[in-house]
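Below sits a lone chain in C-alpha cells, taken as the form predicted alone.
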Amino acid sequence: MRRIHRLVLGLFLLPALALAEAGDDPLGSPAWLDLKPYFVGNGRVVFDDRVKVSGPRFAEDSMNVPVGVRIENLPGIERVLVVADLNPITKILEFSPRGALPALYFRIKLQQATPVRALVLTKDGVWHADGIWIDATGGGCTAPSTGRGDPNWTRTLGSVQSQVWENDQQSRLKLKIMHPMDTGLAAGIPAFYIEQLALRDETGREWMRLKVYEPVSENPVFSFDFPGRTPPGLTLVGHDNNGNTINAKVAK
C-alpha cells in the first residue's frame, strides 16, 4: 500500500517538477534548457521587463521578419545577444551600444515558428532576458537569396543607403546594406554574410558595434537611435566572411 502511495504521489509531483523546470523560461521553449549554457555559460539569467523585444505574431515573409530590441533604464549594459531558439542557426546578432541608445531594429530569416529572445549582459555578470514567439510558415533559412538573380549584384555588394530623422531630443539612423546574406543552408550556395559592423564618428569614436550572423535578412536594414542629434561624420565600417569590406559615410 505504501508503494502505491509513493507511485501516486510521484505521478502528481512529476508535472509539478516539469512546470518548475519550464518556469525557467516564460516562453516555454522546448530548446531553452539545452541552449541556455551555450548562450550564457554559467551566467545567471533573469527575465526582465526593462528588456523589450518586439515583432509580429505571425511572419508573412519568413525571409524578412522585422524585430526590435529596446532596453530601458538598465545600467551597465555590455553586450546584447539576439537568438532564435528553433532556427537551424540560432544566433542572429550581437550588439554593444557605446554611445548610441541601447536599441536596435532589424530583419531576420526564420525557418519555423520559434521564440526570438534578447539576452543582455550587464557589468555585474547577470543576463537580462525578454522574448516573443513568432509564428512563421518557414523555410527562410534554407531559401537562396533573391538578389543573386540580378547579374549585376556584385557591383552593388557592400554599398550602403542611409536616412536620418532627428531633433534635439533624439535621432534615428536607418541603414540598408546590399549583401546576399546566404546562410550556407541552400543547396550549392556557400555561407556568405556580413560578420562585423561598427558606427564611428569623425574622431574615430565607436557609437555602436555589431557582430552579425547568417540569419539576418538579405540586404540587411538596421535602425539605430541616439540621444539628441546624430554624431557628426558617422561612418559605417565592417567586413563579411569573405573579407569584403564596408566603408560608407552615413551621416553628415
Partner chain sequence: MKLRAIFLLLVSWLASWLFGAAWAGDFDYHLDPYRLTEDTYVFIGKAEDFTRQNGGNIVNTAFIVTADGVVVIDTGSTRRYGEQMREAIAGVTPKPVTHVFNTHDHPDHFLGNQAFKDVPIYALPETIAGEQAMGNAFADNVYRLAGDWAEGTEPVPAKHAVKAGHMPIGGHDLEIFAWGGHTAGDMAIFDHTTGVLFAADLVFYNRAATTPHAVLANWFASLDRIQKIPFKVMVPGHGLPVMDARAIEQTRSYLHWLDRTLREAAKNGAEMTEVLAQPIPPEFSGIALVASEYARSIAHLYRSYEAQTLLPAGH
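Positions refer to the first chain, counted from 1. This is a predicted model, so every value here is computed, not measured.
A second form of this protein, the form predicted together with the partner chain, is not displayed here; the remarks below concern that form.
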Is the gap between residue 26 and the partner chain in the predicted bound form 4.5 Å or less for some heavy atom pair? no
Going by a heavy atom distance of 4.5 Å, is residue 196 a contact of the partner chain in the predicted bound form? no
Can you tell me if residue 79 lies within 4.5 angstroms of the partner chain in the predicted bound form, counting non-hydrogen atoms only? no
Is residue 98 near the partner chain? Define near as a heavy atom within 4.5 Å, in the predicted bound form. no
Option touching the partner chain, based on a heavy atom within 4.5 Å in the predicted bound form, out of 122, 112, 163, 154: 163
Does the partner chain come within 4.5 Å of a heavy atom in each of 42, 90 and 216 in the predicted bound form? no
Contact segment among 114-122, 79-87, 178-186, 100-108, judged by heavy atoms lying within 4.5 Å of the partner chain in the predicted bound form: 100-108
Enumerate the residues of 36-69 that have a non-hydrogen atom within 4.5 Å of the partner chain in the predicted bound form, in sequence order, or give none. 54, 55, 56, 58, 60, 61, 64, 66, 67, 68
